[in-house]
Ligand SMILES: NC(=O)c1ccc[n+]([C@@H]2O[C@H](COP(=O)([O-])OP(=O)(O)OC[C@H]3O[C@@H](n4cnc5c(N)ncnc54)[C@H](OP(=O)(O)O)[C@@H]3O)[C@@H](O)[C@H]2O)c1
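One chain follows as structure tokens, the form predicted on its own.
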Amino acid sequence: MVDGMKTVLVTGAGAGIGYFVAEQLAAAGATVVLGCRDTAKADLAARAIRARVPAARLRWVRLDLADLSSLPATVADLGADSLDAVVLNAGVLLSGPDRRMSPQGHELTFATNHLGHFALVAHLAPILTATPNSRVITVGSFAARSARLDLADLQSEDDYQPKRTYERSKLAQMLFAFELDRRLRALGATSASIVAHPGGALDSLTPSRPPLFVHTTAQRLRGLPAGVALHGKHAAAETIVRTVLDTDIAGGELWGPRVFGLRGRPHRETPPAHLTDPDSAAGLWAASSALTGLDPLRHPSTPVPLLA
């Protein structure tokens, strides 16, 4: 159960793993704010959660991480002077061969998965740091283990490949999360930054949640053989929820599924060295600040110059 009354913002809560994180947190007694770009999907998600958790305490805010200019309004709509946790879950994996851009002119995958969350944390920082023992939970990816960040080409201008760009964006998220925790510790803050990854999560192993989504019997049967190595999105969410609720989990830790990092119950992992490299993280932080004009731990009255 939740220790006290917790309020948690979950980005990308209208689908996939984010939906199940929201459902499980609601079932544990938290007040859950669904952060969704599509408000119709947010409404469907809320209906699906209430069908299983009738007493769920839910709200939603419109959240478009790709558009940095929209984030101040999102935080204002949150209308909160305290926030126990934010789960940085939303993300995109583009399939087309063409490099796409955000409204601010940034490569869309990097802009959504990393820059948007970096900027969101900056806007939420005054609320989070004013809330004792608050948490920033970054949802990383097993794919980041094989990725390497190129600080000279963060936006994949050279040789754009959608899958590699996604992997690098998830690596950027995780580097930022570990660096955020180091900087919070240096400031003496009680807020913590924790990383969780869901392992291998498949739609075909995931139970239906009408009216949000329904999987047919045939789809579920086709997915059964993969259950030996992977799991459904409901099971994948358990690790993330654990990092929100378990007060024994400390800042700077990495949690994932127990069985080869792909499926099973949550457990603590030792992060690969490139995920926690302080030099790469500091370079990424500086570049992200320059691209967004924000710094998550700098007073908002002291803006960061935008990168020309």
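No experiment lies behind these values; they were computed from the predicted model shown. Heads up: residue numbers just count along the shown sequence, starting at 1.
Unshown form predicted in complex with this ligand; subsequent notes refer to it.
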Q: Tell me, please, which stretch of 24-32, 273-281, 248-256, 56-64 lies within 4.5 angstroms of this ligand in the predicted complex when heavy atoms are compared?
A: 56-64
Q) Which listed residue (126, 162, 200, 207) meets the criterion of a heavy atom within 4.5 Å of this ligand in the predicted complex? A) 200
(Q) Within 4.5 Å, heavy atoms only, which of 112, 134, 155, 74 is in contact with this ligand in the predicted complex? (A) 112
Q) Is residue 9 a contact residue for this ligand in the predicted complex, using a 4.5 Å heavy atom cut-off? A) no
Q. Does residue 37 reach this ligand in the predicted complex, with heavy atoms at most 4.5 Å apart?
A. yes
Q) Should residue 286 be classed as touching this ligand in the predicted complex when contacts are defined as heavy atoms within 4.5 Å? A) no
Q.
Taking this ligand as it sits in the predicted complex, is residue 170 near enough to touch it, meaning that at least one heavy atom pair lies within 4.5 angstroms?
A. yes
